[in-house]
Every structure is written in structure tokens, then in C-alpha cells.
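Consider the single chain below, provided in C-alpha cells and representing the form predicted alone.
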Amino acid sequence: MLRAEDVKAYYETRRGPVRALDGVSIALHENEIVGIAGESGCGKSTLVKVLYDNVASPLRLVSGRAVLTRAADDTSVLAASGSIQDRWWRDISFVPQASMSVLNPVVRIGPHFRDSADAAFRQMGRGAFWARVREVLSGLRLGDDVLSAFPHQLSGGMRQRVVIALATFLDPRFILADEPTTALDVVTQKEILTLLVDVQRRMKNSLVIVSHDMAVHYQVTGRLAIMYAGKLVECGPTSGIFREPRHPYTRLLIGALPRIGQRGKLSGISGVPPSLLSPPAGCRFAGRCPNVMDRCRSEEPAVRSVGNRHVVACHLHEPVAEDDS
């Protein structure tokens, strides 16, 4: 299991700390595809950084922790201690966005594999190592010739597949993909998502997909977490969330999706998210919520269960006290 426990992670700036994550908890189990959705700046990528133990200045882990538990020996390692970093590639790996900026432009593709997994190279031996690399590339529809190519000689889709190959060739238990289809055309986006799902099914590991595109989550994920202004506001089975969204923000996100045969203008979400330098008291969505109540502006809603593996943070779903009279 990989989980975040009441994580608070802030970016330090001259104007003060930006509360990118402010008390977020989520558990990721093996053999599932989980989506993390929300508007830009809601904390999606920051959550992935904490889970991956990639916390570096100006980001600071203020409180809480990320924990990676190995099922084999039930041992746990924590983020911010360097222990999760010791498990990179074998237990947990990362597919970043913007593949061109990830790959070294003056180094051919082959050495990227050798440099990123030096321990595996020494343990497996040259022959077995490169045989495994070629096997993974073939599964991602890439030929051996890419190993001798420079990144700029490959298309955007090919570069992204190389990054996926780098992240998966040691069969990690968790793959964190941060906006894996950014800056790709729609045909290539579908191809990359299909390949990621194929890899997950073949390895039976867990895949976390970060995207602001709700359509991507509907097509690919089995469980969906919705974030807003540094908070987790809803999490549950993707099918249940799309069928019956419980948080007003989730309803508005789904309502903004275009539909086949739809006429007229799409509905949007009025207003802008609050500043994370000085977030408001109460529910952070209160200023844009169509169902806002007085208590929403002063009381922060607790995360509570509203069904099978489905939780939401909204006063609309808090139990009503019975009248003793």
C-alpha cells in the first residue's frame, strides 16, 4: 500500500507559504487505477511529489507523512527520510509530464536506461539488462533503433513512450503518471493511455493518473479522487462518482464535459479558486458553490463516508441531528 496521511506540504515564497496540500489523506492499493482530478493549482502534482518522496525546496513537508508498505515483509518506509527514494524504479516509479524536458537532449536513449538503473544493470548483467529493455520497448511499440536515437529525433508520442518504458522496465508496484498526455494530439493521447492501461493489466500493479481532464478519468480509472484548493473533497469508484457525484464541485466538473449531440453553450464554473497564501475559513469552495450555506463560510467540512468506498467533504452530507422533542 502507498498512502498519504494528513499531509500538509507548502511552497515557501517571499510572500509566505503557499498551502498546496493542507491535510490530505489517501490510500492507494495494489492492482488498481486511480485518478486524481481538479483544476490547475489544486495540489494534484504536489500530492504525487510527496507520494514519490520528491520533496525539494521550495516545497516543504510541514506535517503528515507518505508511507510505502511492502506486502512481502510488511515493512514501511517514509517520505522525507530518503527511504522511499531507495525504492525508486523497483517499487515505485514516476512518469512526468513534458517528456522532452525529462530526457537529456545530448544523450542517446540507450544510456538513459543504463544511468537510471545502474544497480539493476550490475545485478542482471549486460545481456539480461538490455534484453529486458528491448522487451519493454517492444511492448510499447518501439523498435531497438530508438536506443541509438537522440530525444529530438523522436516524435512527442515516441518520447512519452520512452519515458513510460523507463518507468516500467523493472516492474514497479506503483506507477505515478503526472499529466502523461500533456501537449500531445488527441490520437497520440489515446495511444499513450491505452499503453499505460495495458502495462498496468500486464504487471497487475497500481497506476495513478493525474489529469484535469475528467473524460480521461471516465475512460481509464477505477477510482477517482477530486481535489480543490489543496484539499481532497471527494473520492470513490469512478463509475459511482460520474453516476452520482456528491460534492457540488464534482458535479460542476462533470457538467462541464461536452456530450455527443449537445447543443448550446457548455456550463462552466463561475469565479476563481481562493489564494492558497491565505485560504478562507470554512469550505474553500464556498465562494463558488451553488449550494452554499452560512456554515460553509465558517466551518470546514469533515471527510465522511457516503457509500461503499465513497467519501466526501461537504456539509450537505453531514447527518442531521434528530429532534429530541
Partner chain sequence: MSEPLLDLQHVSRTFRIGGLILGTPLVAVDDVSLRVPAGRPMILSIVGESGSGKTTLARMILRLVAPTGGRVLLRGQDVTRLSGHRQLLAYRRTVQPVFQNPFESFSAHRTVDCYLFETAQGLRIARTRNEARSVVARAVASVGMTLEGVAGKYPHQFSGGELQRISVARALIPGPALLVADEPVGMIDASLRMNIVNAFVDLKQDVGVSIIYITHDLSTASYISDAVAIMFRGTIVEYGPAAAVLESPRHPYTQLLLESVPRIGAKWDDEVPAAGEERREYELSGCRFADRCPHVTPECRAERPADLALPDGRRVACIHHERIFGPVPHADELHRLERSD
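This is a predicted model, so every value here is computed, not measured. Numbering follows the first chain given and starts at 1. The term rigid core refers to the maximal set of C-alpha atoms that superpose within 1.5 Å between the two forms.
Here the subject shifts to the form predicted together with the partner chain, a form of this protein not shown in this document.
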| query | finding |
| --- | --- |
| Contact assignment for the partner chain in the predicted complex, among Val62, Leu266, Ala281, Ala27, heavy atom within 4.5 Å | Leu266 |
| Interface residue in the predicted complex among Ser138, Ser148, Thr194, Gln123, criterion: non-hydrogen atom within 4.5 angstroms of the partner chain | Thr194 |
| Stretch in contact, per heavy atom within 4.5 angstroms of the partner chain in the predicted complex, of 126-134, 206-214, 103-111, 164-172 | 206-214 |
| Contact label in the predicted complex: Ile260 to the partner chain, heavy atom within 4.5 Å | yes |
| Contact label in the predicted complex: Glu32 to the partner chain, heavy atom within 4.5 Å | no |
| 4.5 angstroms heavy atom contact with the partner chain in the predicted complex for His152 | yes |
| In the predicted complex, Val199 touching the partner chain (heavy atom, 4.5 Å) | no |
| Post core alignment: Leu257 C-alpha displaced by 2 Å or more between this form and the one not shown | yes |
